[in-house]
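Shown here is one chain on its own, the form predicted on its own, set out as structure tokens.
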């Protein structure tokens, strides 16, 4: 097996002409043999020798296993760019995260990372707004954005949802959003919700003299999703949400290509089906990278301190990679269309008492999204909104939450309730 044409150890191919992948791999076979099975099945080979595969094709299109870390069971494979259709995430996943996961010789397999050459990156539009575009719209530049998910997840009428949004906008919240499983329900029709919410958003903006955002969940089949997005745009909305796992990144990319001028908010509901097991599936880092290519402007990436899984190291690495400049690396040309950075969203189990820890870990370029930690305030949603904003004020002023709460009753009630 050491003579396999796929094994090219200790010779890292140039990024310009390859996609560089990192896998964690468990098999009863020696790591090198199992790695060859992965390389061939994901590209030009199969389970047996092929009379139709000549040496010229093998040399041009055969992936190269350039690193094996036996102790950690890490396999690094470089795939020639010609194996991939530009601008096609679905085809990419069919190759790099497809049949290889179903092979009997594989016990566990996890796609940990992909590095893309600039030619591949340049075939995608990326986010239309990104961090700076979202901040420019809201005119908020030097602090985290304060968001709220409407609670309960489902059950409110369109008018109730609009009134609740209005009340928390008036009390400091910047962004309000649907929850991930609210779309078009019998008790809360999508078009009614858009009309009622946007009507009160205008009033809230006039009263507060500040821009506000509502993120409407348009998740559904591509045609329905596009129709809903057009409704939001027609009625004056500026943001929509897509459940990128259930909808698929190809549908997110499809919506981005419509150039509707809407901020695309990516929810990752369901990602743990394939990201949670550290020995199998696909890392959240890969999903986040692909979401950026697809054109998502802001993405749920984890909280560290909330109810969702995700270590500080993992969440930070994701947040950094979706914000960094992907161009001008490896001495390649820098005059490519820029893929804008994604604004990370921290959401899940947050309350005012966690704000200082969250910002210390993740910094200012985030949306801090409160659901139950706002609407579950013992004195109601208005008090919850005030408490969340007061917690941020305390951090900005460098004052401890306990001290700041002595003169801010809503924050004090929240700290007493959740800590």
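Because the structure is a prediction, the values reported are computed rather than measured. Residue numbers count along the first chain shown, from 1.
The same protein also has a form predicted in complex with 2-carboxyarabinitol-1,5-diphosphate, omitted here; what follows describes it.
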In the predicted complex, residue 371 touching 2-carboxyarabinitol-1,5-diphosphate (heavy atom, 4.5 Å): yes
Heavy atom of residue 179 within 4.5 Å of 2-carboxyarabinitol-1,5-diphosphate in the predicted complex: yes
Non-hydrogen atom contact residue 193 with 2-carboxyarabinitol-1,5-diphosphate in the predicted complex at 4.5 angstroms: no
Contact test in the predicted complex: residue 268 vs 2-carboxyarabinitol-1,5-diphosphate, heavy atoms, 4.5 Å: yes
Contacting member of 80, 144, 172, 348, with respect to 2-carboxyarabinitol-1,5-diphosphate in the predicted complex [4.5 Å, heavy atom]: 348
Single option in 109, 308, 198, 245 placed near 2-carboxyarabinitol-1,5-diphosphate in the predicted complex, where near means a heavy atom within 4.5 Å: 308
Which of 247 to 255, 300 to 308, 94 to 102, 118 to 126 sits within 4.5 Å of 2-carboxyarabinitol-1,5-diphosphate in the predicted complex, heavy atom basis: 300 to 308
